[in-house]
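Here we start with a single chain on its own, the form predicted on its own, put down as structure tokens.
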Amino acid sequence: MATTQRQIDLLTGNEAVSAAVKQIRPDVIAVYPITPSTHIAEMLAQAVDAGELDSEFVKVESEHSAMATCIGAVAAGGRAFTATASQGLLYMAENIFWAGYGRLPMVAAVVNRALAPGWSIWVDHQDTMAMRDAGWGQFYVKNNQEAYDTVIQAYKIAEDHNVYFPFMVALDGFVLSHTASPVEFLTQEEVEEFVPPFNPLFRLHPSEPMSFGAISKPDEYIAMREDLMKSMERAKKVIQDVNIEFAKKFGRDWGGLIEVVGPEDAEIGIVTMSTLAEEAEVAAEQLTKEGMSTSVTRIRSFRPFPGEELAKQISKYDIAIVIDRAISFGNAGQIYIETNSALRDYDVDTKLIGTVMGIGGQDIAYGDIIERVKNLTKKA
């Protein structure tokens, strides 16, 4: 059997996202530029202008309007895409909830950047964490290849009728968005075979006029929220299945909901997300060589939250250290809070320790993680 010859290029994270979107061929793209996601908007606009991409590129006046445009596009039965970061995501916030609670499957690339004030263009996860309850799925990627692959997977998952809600693909600002690494493309035929044409459950169309009432009675409202929660639960299996299918067809396995790297019998577990996970993998390898058997459990899907899968993995450790790149002020890091809750739900008694690193874009290398793990395990 002939092997498919695929193109490999040196791409930044933003270029990887744009390349995936071009192959998905959304009907509507509505993006308002904001650092560090601006290049995504620029590259897609150039592709449409050059005739390389047959999409309607809508030049909006704000991020709020960008999301409103995507809402209208999906409600009319089209496939939509947008990208933003930080303050732009906050400006979208009202319509982020409309899209999530309105069950409108689309994909948004969010290039993680710290929130103001103080004014920062560097990475932390406070922006997307602020939207974790908006009815969107959330993927956090660790490198540019995963960013490309996950945009493609996210459309297939979001548009699945057992899921049918929007997804964010979050990538660390500058660390990924502006840093180049090798990315292998799928062929256009492979993408089109893997992601079928959008088959909307409902759509607005002039030939089928409808009227809608915005007011929902409490019982109706509760039923809609219960349905969204059930869809989040069903999405876990869909995410796993799509990842398995992708791995079998294209040879890249991102773990589905979580990814575990390191010794199976590790005594210490590091739990984290995004690029901190890659640094943690190097740290874990070094710690293991020094006699502290350590592995990394990376959360890929923060929404839906993989509570059962995390609890099962963390139960194998004596100590688990959760590293957050955001914080719920007055409590703790969001990953720690939700992981701790999952351990209680599944009666796991592993010692769990939370710590926060890299807020506001502070550079975190594997040596910093090694030092933090050693200090925290000594205290434990």
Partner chain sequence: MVKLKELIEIEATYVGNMKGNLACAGCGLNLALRHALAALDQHALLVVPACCTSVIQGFGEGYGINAPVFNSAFAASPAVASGFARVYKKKDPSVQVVVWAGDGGTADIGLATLSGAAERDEDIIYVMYNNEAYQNTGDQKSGATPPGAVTTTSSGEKRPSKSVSRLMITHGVKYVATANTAYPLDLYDKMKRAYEEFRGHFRFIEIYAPCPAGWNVDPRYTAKVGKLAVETGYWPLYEAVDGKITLSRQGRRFLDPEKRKSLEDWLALQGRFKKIKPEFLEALRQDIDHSWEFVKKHMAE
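Positions refer to the first chain, counted from 1. Model, not experiment: these values are computed from the prediction.
This protein has a second form, the form predicted together with its partner chain, left out of what is shown; the following refers to that one.
**Q** Although its partner chain is absent from this view, report whether T69 comes within 4.5 Å of it in the model of the complex, heavy atoms only.
**A** Yes - in the model of the complex, heavy atoms of T69 and its partner chain come within 4.5 Å of each other.
**Q** Hey, in the model of the complex, does H64 get a heavy atom within 4.5 angstroms of its partner chain?
**A** Taking the distances in the model of the complex, the answer for H64 is yes, it comes within 4.5 Å of its partner chain.
**Q** Any chance E42 has a heavy atom within 4.5 Å of its partner chain in the model of the complex?
**A** So E42 does not count as contacting its partner chain.
**Q** Would you please decide whether L228 lies within 4.5 angstroms of its partner chain in the model of the complex, comparing each non-hydrogen atom pair?
**A** Heavy-atom contact with its partner chain at 4.5 Å: absent for L228.
**Q** Where does its partner chain sit in the model of the complex: which of 278 to 286, 196 to 204, 125 to 133, 169 to 177, heavy atoms within 4.5 Å?
**A** Only one stretch qualifies here: 196 to 204.
**Q** Does its partner chain come within 4.5 Å of a heavy atom in each of S293, A311 and I353 in the model of the complex?
**A** Contact check failed for every one of S293, A311 and I353.
**Q** Taking 4.5 Å between heavy atoms as the contact cutoff, choose which of E94, E264, E233, E189 touches its partner chain in the model of the complex.
**A** So the residue touching its partner chain in the model of the complex, by this definition, is E94.
**Q** Counting non-hydrogen atoms within 4.5 angstroms of its partner chain in the model of the complex, say which of A158, V183, A73, V242 makes the cut.
**A** The residue in contact is A73.
**Q** Taking only heavy atoms into account, state which residues of 198 to 213 are within 4.5 Å of its partner chain in the model of the complex, ordered by sequence.
**A** Residues within 4.5 Å: R203, L204, H205, P206, P209, M210, S211, F212, G213.
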